[in-house]
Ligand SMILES: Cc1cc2nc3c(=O)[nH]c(=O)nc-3n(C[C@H](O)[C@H](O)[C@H](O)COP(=O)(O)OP(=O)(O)OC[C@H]3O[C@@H](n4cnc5c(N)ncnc54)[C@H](O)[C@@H]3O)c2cc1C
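This document opens with one chain alone, in structure tokens, the form predicted alone.
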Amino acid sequence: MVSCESPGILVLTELVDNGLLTTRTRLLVGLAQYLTAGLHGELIALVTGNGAAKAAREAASLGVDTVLLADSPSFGTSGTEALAANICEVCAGLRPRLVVAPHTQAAQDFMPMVAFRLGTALVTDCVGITAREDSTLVFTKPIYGGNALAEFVSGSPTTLATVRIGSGREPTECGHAGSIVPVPVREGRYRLEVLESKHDEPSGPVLEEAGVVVAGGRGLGGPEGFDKLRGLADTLGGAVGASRPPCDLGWADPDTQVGITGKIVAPDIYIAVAISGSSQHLTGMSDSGTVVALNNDPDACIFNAADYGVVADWQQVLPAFSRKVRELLGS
């Protein structure tokens, strides 16, 4: 069992196939850094997996105070049951104020298990977590099908939360590496056994991690418009996004939806084509670096969030813009 004199925030990490941390884990560490500053506690990361030492060193370099390394083959064969059991062991010793994980399919499985076994509160699908001056943690998440945002507080000594992918922030380099502490792994026979894992290979950058996002709205008029957006996104090495209406109409894949009920993105460049700019959509891309909007309605709300705006028919502007981009890139 691990103990801590200054309980703070425990970040549950996620690894990619090459043994490194996912981008969403790095953003979660950055969010935890920001919160820890106001809570006067320790920032701890739990790295679990088979052969996870490389990820532990990476986490230590991000400004985490202590990295707990639970390295065992059982995490690859017992799935989320093994994760839940070991997270409970760690939490029993640390008694952290907050435990956070990316809002992934896996986390939606093991976090309720952990919350139930610890008898504590769980807030899922958060798009923001802040700390008040009195150190009260406030959790913001969408409600009513994404038509509103609500704030929640927890009275539990330890609160669990999953954070929507893309809602974090880049970690701040602190100039020194945290300590890595191996922790015993609770082995055992679990009811579930993973026999095989298959991953769909993405055809391009993952939407939440792309540096450039080219997104389309209802104003594209049909699925053909997204083919043209895809061409521009490929040229820029980016990903295609969409507002909710095109996804509801079947013009775009639901996985490309940006907004409260979709995905949170924060690319360096966000190009919004024929998107009106509802509050639900703007919430999903408000942390973008530079926003370029193209819409034929000069009163469209998207222009309020844009750094550069073009009032015109997208079918007249986009082809010329795409040609110019290809010319500048020499492609």
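So that there is no doubt, residue numbering starts at 1 and follows the sequence shown. For clarity, every value in this text was computed on a predicted model and none was experimentally measured. Under this definition, the rigid core comprises the largest set of C-alpha atoms superposing within 1.5 Å between the forms.
The same protein also has a form predicted together with the named molecule, omitted here; what follows describes it.
- Checking Ala300, Ala266, Leu69, Ala306 for any heavy atom within 4.5 Å of the named molecule in the model of the complex turns up a single hit: Ala300.
- When the named molecule is considered in the model of the complex, only one residue from Pro96, Gly225, Pro245, Gly178 comes within 4.5 Å through any heavy atom, namely Pro245.
- At the 4.5 Å threshold, heavy atoms of Thr261 reach the named molecule in the model of the complex.
- In the model of the complex, the named molecule sits beyond 4.5 Å of every heavy atom of Asn86.
- Contact check for Asp313: a heavy atom falls within 4.5 Å of the named molecule in the model of the complex.
- The shortest heavy atom separation between Gly219 and the named molecule in the model of the complex is within 4.5 Å.
- Of the candidate stretches 22-30, 46-54, 60-68, 271-279, only 271-279 has residues whose heavy atoms lie within 4.5 Å of the named molecule in the model of the complex.
- Residue displacement note: Val163 has its CA displaced by under 2 Å between this form and the one not shown (rigid core superposed).
- With the core held fixed, Thr261 shows a CA shift of 2 Å or greater between this form and the one not shown.
- Once both forms are fitted on their core, a CA shift of 2 Å or more is seen for Gly221 between this form and the one not shown.
- Between Gln105 and Ser279, the Cα distance is smaller in the model of the complex than in this structure, by no less than 3 angstroms.
- Figure legend: C-alpha atoms of Ala107 and Ile264, shown here, are separated by at least 3 angstroms less in the model of the complex.
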